[in-house]
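Below you'll find only one chain, the form predicted alone, shown as structure tokens.
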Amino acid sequence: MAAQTRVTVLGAGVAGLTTAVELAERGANVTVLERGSRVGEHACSWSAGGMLAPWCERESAEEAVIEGGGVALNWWPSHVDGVVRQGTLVVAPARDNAELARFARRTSRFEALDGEGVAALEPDLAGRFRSGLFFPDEAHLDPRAALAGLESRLAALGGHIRFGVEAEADSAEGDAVVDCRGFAARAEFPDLRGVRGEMLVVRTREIAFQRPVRLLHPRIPFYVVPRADGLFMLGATMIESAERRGPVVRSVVDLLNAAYALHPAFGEAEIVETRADVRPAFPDNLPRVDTRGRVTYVNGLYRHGFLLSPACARAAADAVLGPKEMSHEADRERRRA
């Protein structure tokens, strides 16, 4: 298509904004239609952990997650500020060392640590865990700051967002349409299901982690992601339900108990926010980029929104504008990831 192809993107969550930016960078005239009054208001990505952790995610996901995650590890730092590449630390209580061994068998590109190694990475965990796994090549970001950064980048590229607009793909204007509405577009995909995720944000000055920490447990997988100003995001719930309501008591109790098991100082942390949302997922828990006529659908990012959206955005842009030639330098970056 011509360089000034007019493209309408539906949805201003992470899938919509990464796609819109990728299209605008390739010369398209991009308009994003968002039903909310601001970026993130109705997006499940507003509740995300923001971990760029393809090797950790391989524990329960397909190999494609590593390939797509390699794209994300290069894409995000070149598009927004605040990406922290300090790796991921995985620990387990001594009684659950079998879980740590199982996690190691299913993953790669990690360093096995003893208790001193854990303490060297995160001094606040000194004496609390005898062993751990360190994934040094992984990263994390603040999802809300990243969405704001994409909004600004899109504006700088000449694209714009129209808020408070309900739209359907078939009736949207433009030479091409990219539908990134997630679970709101479920009518187009009979096999799309909803998976609830529930999270907490707490604040404490007694703990200072440099990276996401995952605590393994046979029943309650748990992670904590550090953010600015003493904030920590607590998450990992995956509930097979499309019900939209606030977090339930059991999930909140489980998250708080896991945080306390990781470090007792979390018991005195201030609860700043609780939130729940529904993530779109296909039966294989992998995303799809599907073109039907002038409409390309990006959906099913499941719990990998920030990790896999850049690869999906590139695929969607290829579908709309044609494949982008990869420079030798870009190819080397992809291989290093």
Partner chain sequence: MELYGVKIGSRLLLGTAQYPSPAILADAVRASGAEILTVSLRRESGRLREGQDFWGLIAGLNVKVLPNTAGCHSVKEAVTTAQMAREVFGTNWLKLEVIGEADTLQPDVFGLVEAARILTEDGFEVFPYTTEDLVVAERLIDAGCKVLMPWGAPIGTGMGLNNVYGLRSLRAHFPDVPLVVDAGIGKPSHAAAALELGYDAVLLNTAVAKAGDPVAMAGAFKLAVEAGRSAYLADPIEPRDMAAPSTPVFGRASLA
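Remember, predicted model here, so these are calculated numbers, not experimental data. Residue numbers count along the first chain shown, from 1.
The protein also exists as the form predicted in complex with the partner chain; that form is not presented, and the subsequent description refers to it.
Please determine whether each residue of Ser60, Arg95 and Arg250 possesses a non-hydrogen atom within 4.5 angstroms of the partner chain in the model of the complex. Answer is yes for this spot.
In the model of the complex, Gly194 touching the partner chain (heavy atom, 4.5 Å): Taking the distances in the model of the complex, the answer for Gly194 is yes, it comes within 4.5 Å of the partner chain.
Asp229: heavy atom within 4.5 Å of the partner chain in the model of the complex? Because no heavy atom of Asp229 falls inside 4.5 Å of the partner chain in the model of the complex, the answer is no.
Ser241 within 4.5 Å of the partner chain in the model of the complex, heavy atoms: Flag for Ser241 set to yes.
Going by a heavy atom distance of 4.5 Å, is Asn29 a contact of the partner chain in the model of the complex? So Asn29 does not count as contacting the partner chain.
Looking at Arg203, Arg144, Arg186, Arg130 here, can you tell me which has any non-hydrogen atom within 4.5 angstroms of the partner chain in the model of the complex? Of Arg203, Arg144, Arg186, Arg130, the residue with a heavy atom within 4.5 Å of the partner chain in the model of the complex is Arg186.
Identify which of Glu67, Glu41, Asp290, Asp284 has a heavy atom within 4.5 Å of the partner chain in the model of the complex; exactly one of them does. Of the listed residues, the single hit is Asp284.
Of these, 291 to 299, 306 to 314, 32 to 40, 276 to 284, which stretch puts a heavy atom within 4.5 angstroms of the partner chain in the model of the complex? Contact criterion met by 276 to 284 only.
Contacts with the partner chain in the model of the complex, stretch 84 to 108 (heavy atom within 4.5 Å): In sequence order, Arg95, Arg102, Arg106 come within 4.5 Å of the partner.
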